[in-house]
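The chain that follows stands alone, in the form predicted on its own, written as structure tokens.
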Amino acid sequence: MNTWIYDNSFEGFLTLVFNCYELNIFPDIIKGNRNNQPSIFPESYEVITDETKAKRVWNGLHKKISNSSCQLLYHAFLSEICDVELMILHYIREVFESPINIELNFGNHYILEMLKMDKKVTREAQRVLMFTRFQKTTDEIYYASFDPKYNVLPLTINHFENRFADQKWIVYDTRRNYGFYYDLINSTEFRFTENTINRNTGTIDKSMMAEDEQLFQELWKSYFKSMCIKERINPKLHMQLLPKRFWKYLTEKQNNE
């Protein structure tokens, strides 16, 4: 089997696409080398990310399909579902090799799969925005943890930059162990190297918590409890609107469920 390895980045994947056409070889298997570990696949080909090559592929796609379809493709990539890279590669091959625009051919299997994945990823990004709970640290930085099913953090950064432009903040994906720090000017990707957060609850260490943070958390819990009308509780609807996997990072749910 012809196995190609890349660095899990979108630029790395687009470089892989460029190399396919440059070498006129297409892989049977595409694997991400997320932890920069040496390849365990014999006779595999390792792709070195090249921003120039990636940009050429991305610009080429924009000439063949609409901007919304390019974004759809990017969202599908962020889904990280099994073999999504091969599906996207098939999609891109049909885009490049068809003499006509195929993006509205809804009878095409790969186009339908892109649409399904886009819907799932977009919904997950919306949930992350809905269920954000910041905690204030001693150095005036607001921190929020997430554990999204899909890698949607990059899709939320513009919202946070626009909504909270006047304060420093960190948003962090505990499942993938990376986040973004906003310093009032730019958002920079980073990783925690020490255990400064509780991965089970998303809370920061008490030594790093602002003096009034715990008070505000208790006030928020009291407010949430007082607004709840017991006679109108509908557990089934509650679970539909607020999936349980988000509960662990919600202040109002901690120590209450």
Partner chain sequence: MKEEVIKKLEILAGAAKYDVSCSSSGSNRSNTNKGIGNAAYCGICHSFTEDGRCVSLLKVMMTNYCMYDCAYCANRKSNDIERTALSVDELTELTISFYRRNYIEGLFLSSGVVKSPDHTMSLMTRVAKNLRTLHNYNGYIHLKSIPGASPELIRQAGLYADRLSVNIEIPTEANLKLLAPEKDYTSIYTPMNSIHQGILENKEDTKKIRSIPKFVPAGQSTQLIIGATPDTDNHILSLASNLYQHQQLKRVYYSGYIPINTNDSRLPAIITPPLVRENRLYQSDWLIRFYSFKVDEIVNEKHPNLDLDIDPKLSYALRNPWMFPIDINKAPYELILRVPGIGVNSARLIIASRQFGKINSYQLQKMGVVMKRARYFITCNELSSPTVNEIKPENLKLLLMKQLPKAKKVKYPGQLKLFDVA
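Note that the coordinates shown come from a computational prediction; the quantities given were computed from them, not determined experimentally. Residue numbers count along the first chain shown, from 1. Each form is matched to the other, and the largest set of C-alpha atoms that superpose within 1.5 Å is called the rigid core.
Missing here is the form predicted in complex with its partner chain; even so, the following discussion is about that form.
Only one listed stretch (89-97, 68-76, 172-180, 158-166) carries heavy atoms within 4.5 Å of its partner chain in the predicted bound form, and that stretch is 158-166.
Remark: C228 counts among the residues lining its partner chain in the predicted bound form, judged by a heavy atom distance of 4.5 Å or less. Using a 4.5 angstroms threshold between heavy atoms, E218 counts as touching its partner chain in the predicted bound form. A residue is said to contact a partner when one of its heavy atoms sits within 4.5 Å of a partner heavy atom; T132 meets this definition for its partner chain in the predicted bound form. The shortest heavy atom separation between F224 and its partner chain in the predicted bound form is within 4.5 Å. Contact with its partner chain in the predicted bound form, defined as a heavy atom within 4.5 Å, is made by none of I29, T49 and R245. After superposing the rigid core, the Cα of I233 is displaced by 2 Å or more between this form and the one not shown. Once you line up the core between this form and the one not shown, the Cα of W220 ends up 2 Å or more from where it was. Core-aligned CA deviation for C70 between this form and the one not shown: less than 2 Å.
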